[in-house]
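Quick setup: one chain, the form predicted on its own, written in structure tokens, and binding and motion questions come after.
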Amino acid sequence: MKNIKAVFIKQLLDTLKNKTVFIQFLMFPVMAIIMENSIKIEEMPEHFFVKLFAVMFVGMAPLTCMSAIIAEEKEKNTLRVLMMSNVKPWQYIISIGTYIFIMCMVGTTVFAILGEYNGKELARFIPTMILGIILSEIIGAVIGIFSRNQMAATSLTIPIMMIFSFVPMLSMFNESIKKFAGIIYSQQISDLINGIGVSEVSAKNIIVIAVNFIVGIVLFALAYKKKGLE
């Protein structure tokens, strides 16, 4: 626990220094605040921008931050120093994952307040966001482990991040995209959030998220076995 706490505090102190990571935590909550309070269009669904940016936040922030942090510390040899200081790889992953999770939950709280969720709505919104954040963290960890440096991580992260964050938005306007998007977890997160107060959780939502979770864990195990955190 001392090692986990030490790495967590180190990363928390580095937040303001790492602009790439810091911006990810702020961008979508701030955009949601601005758009929600400045744009009013007739027949627009209630809290449209909150739901839109919440899904994009889930698909982008945890994934980008996880891959960026791991890749940066590998490139700067910080990770090697930590390993030599008796910090176990699993302790490092838990520390970074917990840090990103907590920061993302701050953003989630902003979305929950803007969306005026309470009671049953809040009880559905928060767990849905948590599932999406954890899944994105796993995928980000896979990218970070596979990447030699920050540049390699960025080149891998951008196309993958765009799929998970932008495809659910595009699927609102294109049926063909929506059919494809149904197999990715971020689309199911989008369906669950947009269905709050309208529809119940379906078997498809659960199955697709569970399958994505299993695939993510398998990919992480393979990446870690092949590359480790060296």
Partner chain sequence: MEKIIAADNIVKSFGNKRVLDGLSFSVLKGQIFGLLGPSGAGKTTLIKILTGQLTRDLGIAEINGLDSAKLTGEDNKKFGIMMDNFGVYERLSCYENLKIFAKIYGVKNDGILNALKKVGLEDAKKTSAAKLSKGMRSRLRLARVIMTDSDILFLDEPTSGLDPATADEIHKMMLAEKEKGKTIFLTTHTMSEAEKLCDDIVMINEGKIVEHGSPKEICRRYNHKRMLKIHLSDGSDIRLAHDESSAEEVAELIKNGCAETIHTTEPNLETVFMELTGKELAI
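On a predicted model such as this, the values are computed, not experimentally measured, just so you know. Numbering follows the first chain given and starts at 1.
Keep in mind the form predicted in complex with the partner chain is missing from the figure; the text below concerns it.
> Of the listed stretches (131 to 139, 67 to 75, 102 to 110, 115 to 123), which one has a non-hydrogen atom within 4.5 Å of the partner chain in the model of the complex?
The contacting stretch is 67 to 75.
> Using 4.5 Å between non-hydrogen atoms, is Ile9 touching the partner chain in the model of the complex?
The answer is yes: Ile9 has a heavy atom within 4.5 Å of the partner chain.
> Indicate whether Lys225 is a 4.5 Å heavy atom neighbour of the partner chain in the model of the complex.
Lys225: no, not in contact with the partner chain in the model of the complex.
> Could you tell me if Arg148 has a non-hydrogen atom within 4.5 Å of the partner chain in the model of the complex?
Taking the distances in the model of the complex, the answer for Arg148 is no, it never comes within 4.5 Å of the partner chain.
> Examine Ser155 and determine whether its closest non-hydrogen atom to the partner chain in the model of the complex is within 4.5 angstroms.
No, no contact at 4.5 Å.
> Suppose contact means a heavy atom within 4.5 Å; in the model of the complex, does that hold for all of Glu46, Asn174 and Asn194 with the partner chain?
Contact check failed for every one of Glu46, Asn174 and Asn194.
> Quick one: name the residues from 17 to 50 with any non-hydrogen atom within 4.5 angstroms of the partner chain in the model of the complex.
Going through 17 to 50 in order - heavy atoms within 4.5 Å of the partner chain in the model of the complex - the hits are Lys17, Asn18.
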